[in-house]
Each structure stands twice: as C-alpha cells, then as structure tokens.
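Shown next as structure tokens: one chain only, the form predicted alone.
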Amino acid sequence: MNSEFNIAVHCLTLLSLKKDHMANSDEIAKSVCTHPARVRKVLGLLRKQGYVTTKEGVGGGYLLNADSSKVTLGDLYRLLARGSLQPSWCSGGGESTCVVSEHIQEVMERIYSGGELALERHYDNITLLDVTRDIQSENQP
C-alpha cells in the first residue's frame, strides 16, 4: 500500500472537519506530519479529480469540493493506490526447472488480484463521512 492513499484520506478528512472546509498546504502538512510538497502532490491529484478546489492569494488554500457521504475510500484507493497490494518483484521465473519457480508468479498474481478486489469492495463500503465520524468519536473523552 502506498502512502499517497493515506495522505489523501487524511487531507480530505481534515478539510471536512474545518469550519470553512479550507486549509493551506503548510497547515495540512503539519497535520499529516510530512513535507508540504508531498501534500501538494496528492492534493494536485485530488484537485484534478474534483475532490478539492483551490483558492488563490492571501488566505487561500485547498477547499473540500466533494460530499463526504458520497466519497468512498474505494474511490480514493483506485485513484491513488490500485495495484499497490502486489509487490513489484515476485520470486520464481527465469531459467529454473523447479515446478514452484515455474508457476509461482502466475499463482501469486491471481492471489494478489483477488486480494485487491476484496480490498476495493471493503473500501467501497467506507465513506469519507464514516472516517470523519470515527475521528470525532475517537476525540470524545
């Protein structure tokens, strides 16, 4: 799983909790605990997909532009992390005459593909509003 997915969920949740649904990249980066450039990269992708808009100038920043009850983690996963469950390298292949080495890549690809589909279905059932509510409930004494 890549960290952009987590950053996106964090950013959108933070914006949904802000009174005016707006924050600049420095403020968001402090909350995410990462460099503002990294946050801006993810927010740029979210902006292209219409999840956020920007307000230029003094007092500007990123504005939530989506209904939290309609944005699912599945949507964000497909945008930012689809395929990240499968590692970039798999054992086997090559010139080996070992039966495991010959077939492990195809078998593992099917396993990862099934896991990816199950994960997407799971994330499709979680909205940004659900995450926001969970954050708020964690903040209760």
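Note that the structure is predicted; figures quoted are calculated from it, not measured. Counting begins at 1, following the sequence as shown. Think of the rigid core as the biggest set of C-alphas that the two forms share within 1.5 Å after superposition.
In what follows, reference is made to the form predicted in complex with the DNA, a form of this protein that is not presented.
Visitor: Tell me, out of 83, 50, 115, 60, which residue has a non-hydrogen atom within 4.5 angstroms of the DNA in the model of the complex.
Guide: For this set of options, the contacting one is 60.
Visitor: Exactly one of 110, 103, 35, 70 has a non-hydrogen atom within 4.5 Å of the DNA in the model of the complex; which residue is it?
Guide: Going through each option in turn, the one that passes is 35.
Visitor: Hey, in the model of the complex, is residue 54 touching the DNA, heavy atoms inside 4.5 Å?
Guide: Residue 54: contacts the DNA in the model of the complex.
Visitor: Does any part of residue 40 reach within 4.5 Å of the DNA in the model of the complex? Heavy atoms only, please.
Guide: So residue 40 counts as contacting the DNA.
Visitor: Would residue 136 count as touching the DNA in the model of the complex under a 4.5 Å heavy atom rule?
Guide: Flag for residue 136 set to no.
Visitor: With heavy atoms only and a cut-off of 4.5 Å, decide whether residue 13 touches the DNA in the model of the complex.
Guide: Taking the distances in the model of the complex, the answer for residue 13 is no, it never comes within 4.5 Å of the DNA.
Visitor: Does any residue in 105-141 get within 4.5 Å of the DNA in the model of the complex, counting heavy atoms only, and if so which ones?
Guide: Residues within 4.5 Å: none in this stretch.
Visitor: For residue 55, is the C-alpha shift between this form and the one not shown 2 Å or more after core superposition?
Guide: Superposed on the core, residue 55 moves its C-alpha 2 Å or more between this form and the one not shown.
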